[in-house]
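Consider the single chain below, provided in structure tokens and representing the form predicted alone.
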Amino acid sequence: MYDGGKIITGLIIGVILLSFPFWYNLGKAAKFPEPKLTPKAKQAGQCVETKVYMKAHHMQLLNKWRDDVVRKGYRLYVGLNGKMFKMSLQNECLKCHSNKQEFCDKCHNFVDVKPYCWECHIEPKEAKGGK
């Protein structure tokens, strides 16, 4: 093997170049997007549950609401703080979270989730200028 040194050197350089992105980003995680709230949401000061709970379990809550409203006829939800809310995506949640692009889509796109909410509900229309 006359060119063994050149081959081994080329292989080492190739492995280093191919693995560079992994070593460069080692320990760095992509920052989870922070959804933007409307001024009305900031003014209300609270959601139906805590922020931590809603981030982790909002879809389970919405599915439970759907089942309770459609199948059982229940219309009111009592949050952990004792406050009552209407079980309604359109008339409760979208009052404060009306900007779908800035609130819903940011996180859903980040985690590559395609929720089926808008198959039945009317998708909120964003105001021109991002307001």
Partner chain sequence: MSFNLAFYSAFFAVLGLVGIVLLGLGAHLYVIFGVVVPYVAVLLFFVGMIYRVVRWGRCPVPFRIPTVCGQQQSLPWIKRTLGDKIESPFTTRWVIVRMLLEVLCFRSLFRNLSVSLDKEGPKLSYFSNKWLWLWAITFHYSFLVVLLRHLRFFTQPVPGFVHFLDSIDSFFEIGLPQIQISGIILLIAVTFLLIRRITNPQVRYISLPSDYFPLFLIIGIAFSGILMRYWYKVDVVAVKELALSLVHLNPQVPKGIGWIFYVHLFLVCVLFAYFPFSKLVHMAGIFLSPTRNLPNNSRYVRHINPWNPVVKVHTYEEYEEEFREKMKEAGLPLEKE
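In this text, the rigid core denotes the largest set of C-alpha atoms whose superposition between the two forms falls within 1.5 Å. Here the structure is a predicted model, which means the values were calculated and not measured. Positions refer to the first chain, counted from 1.
The next section is about a form of this same protein that is not shown, the form predicted in complex with its partner chain.
Interface membership of Lys36, defined by any non-hydrogen atom within 4.5 Å of its partner chain in the predicted complex, is ruled out. Although the partner is absent here, Lys83 lies well away from its partner chain in the predicted complex, with no heavy atom inside 4.5 Å. A residue is said to contact a partner when one of its heavy atoms sits within 4.5 Å of a partner heavy atom; Gln101 fails this definition for its partner chain in the predicted complex, lying far away. Contact annotation for Gln60: at least one heavy atom lies within 4.5 Å of its partner chain in the predicted complex. Contacts to its partner chain in the predicted complex (heavy atom within 4.5 Å) from stretch 19-40: Ser19, Phe20, Pro21, Phe22, Tyr24, Asn25, Lys28, Ala30, Phe32, Pro33. After superposing the rigid core, the Cα of Pro115 is displaced by less than 2 Å between this form and the one not shown.
The distance between the CA atoms of Met54 and Ala30 is at least 3 Å longer in the predicted complex than in the form shown here. Compared with the form shown here, the Cα atoms of Glu49 and Ala29 move at least 3 Å farther apart in the predicted complex.
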